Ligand SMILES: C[S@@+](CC[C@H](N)C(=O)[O-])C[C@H]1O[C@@H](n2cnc3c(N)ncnc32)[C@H](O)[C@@H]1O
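The chain below stands alone and is given as structure tokens, in the form predicted alone.
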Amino acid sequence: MGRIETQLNTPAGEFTLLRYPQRNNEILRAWDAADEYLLNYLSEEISGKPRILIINDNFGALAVGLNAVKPIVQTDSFLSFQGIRHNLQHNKIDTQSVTLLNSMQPLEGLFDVVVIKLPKSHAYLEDILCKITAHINSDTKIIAGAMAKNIHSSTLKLFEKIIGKTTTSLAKKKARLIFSNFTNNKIVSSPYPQCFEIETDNTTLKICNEANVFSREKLDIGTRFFLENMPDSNRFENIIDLGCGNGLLGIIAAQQNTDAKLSFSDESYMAVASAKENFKAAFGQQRKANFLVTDCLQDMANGSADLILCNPPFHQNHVVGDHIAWQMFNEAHVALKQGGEFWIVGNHHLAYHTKLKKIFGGYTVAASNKKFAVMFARMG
């Protein structure tokens, strides 16, 4: 396989764009045809120096290409956040030319142009559209972009419902643009976070989830199976919920290990915010925990954990693959102390057992049903 393309040609010039983190033998570009379509369209249709908001820029294609107009960029992804910074620096662009906000930071003022790279999550898009209604008017240009296969009738109906009159462009390189006018002319409150309750051995837990958190409305069946087969209680001192989502695995582990120190890690700002609120709701001031928005276990000390819990994701936005699982498993191997255990749940077809065997030298199946397996590997 040849080298992956890194040079993005835009109306504003040619830029080098890399994914974050940079990996050896990378097979994925840091942008797609929808980014190119958006940049070409904006160069033709937008003049002067409007106040531009960019939402969900993956690794900086839009921020870098539009840096001359000093855009405000908001994302829920730590990896995207860091990727944008790295690509600005790599192209010798003043990082102060782009204002970066994470998804939990509020927007301010009115925008002349809102550019949205469509997220995978329908709920996250709904949250985005609701929140921008307080920052747009009838003159605001709202343009969204995605690969055509990821634009559905439900996507367009959501724009129509919240923003107003919506049309689409012709497809180019299998990408398409969405144009929406704020004809509804009313501020819409986001329905997120959403909450549900689950029963545990000791209590009823109320679990609340921001829009971009997996399984917002109810407990997903994989996590439910994991909770039914958690490791033996009250024998762990330092527990990490890796890729924590709403933090439920770590919260249950905290209930079962009354003196343990808990850490929650995820690359989604909304996930970590949800985990923090849910932990506080479960324990009040009685327990403390660390909450980290980061890349897997990058901020964890080597050999520090004796239990790591993980329900690994198998996609990053619209990209499906096992590279995240490989990274999680390798970093868990480094973060565990001797005798520490790495517990995961996964669909059988994902074949996580082969990764555990390769990295840890072996594994144990704690429980299995027709769809899922709960497995663990031990250090040493």
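When you see a residue number, it is the position in the sequence shown, counting from 1. Note that this is a predicted model, so its numbers are computed, not measured.
One more form of this protein, predicted in complex with the ligand, exists but is not displayed; see below.
Checklist entry - Is G340 close enough to the ligand in the predicted complex to count, meaning some heavy atom within 4.5 Å? => result Although the ligand is absent here, G340 would stay clear of it in the predicted complex, with no heavy atoms inside 4.5 Å.
Next on the checklist: Check S97 for me: does it contact the ligand in the predicted complex (non-hydrogen atoms, 4.5 angstroms)?
Outcome noted: So S97 does not count as contacting the ligand.
Checklist entry - Can P50 be called a contact residue for the ligand in the predicted complex at 4.5 Å between heavy atoms? => result Residue-level check for P50: no, no contact with the ligand.
Next on the checklist: I'd like to check something about N311: if you look in the predicted complex, is any of its heavy atoms closer than or equal to 4.5 Å to a heavy atom of the ligand?
Outcome noted: Result yes; N311 sits at the interface with the ligand in the predicted complex.
Checklist entry - For the chain seen here without its partner, which of 241-249, 150-158, 131-139, 164-172 has a heavy atom within 4.5 Å of the ligand in the predicted complex? => result Answer to the contact question: 241-249.
Item to check | in the predicted complex, the residue from T75, N278, N87, S268 that sits within 4.5 Å of the ligand by heavy atoms | outcome: None of the others qualify; the residue that does is S268.
Checklist entry - Of the options T294, N185, N91, Q194, which one has a non-hydrogen atom that comes within 4.5 Å of the ligand in the predicted complex? => result Here the answer is residue option T294.
Checklist entry - Taking the ligand in the predicted complex, which residues of 169-203 have any heavy atom within 4.5 Å of it? => result Counting only heavy atoms within 4.5 Å of the ligand in the predicted complex, no residue of 169-203 makes contact.
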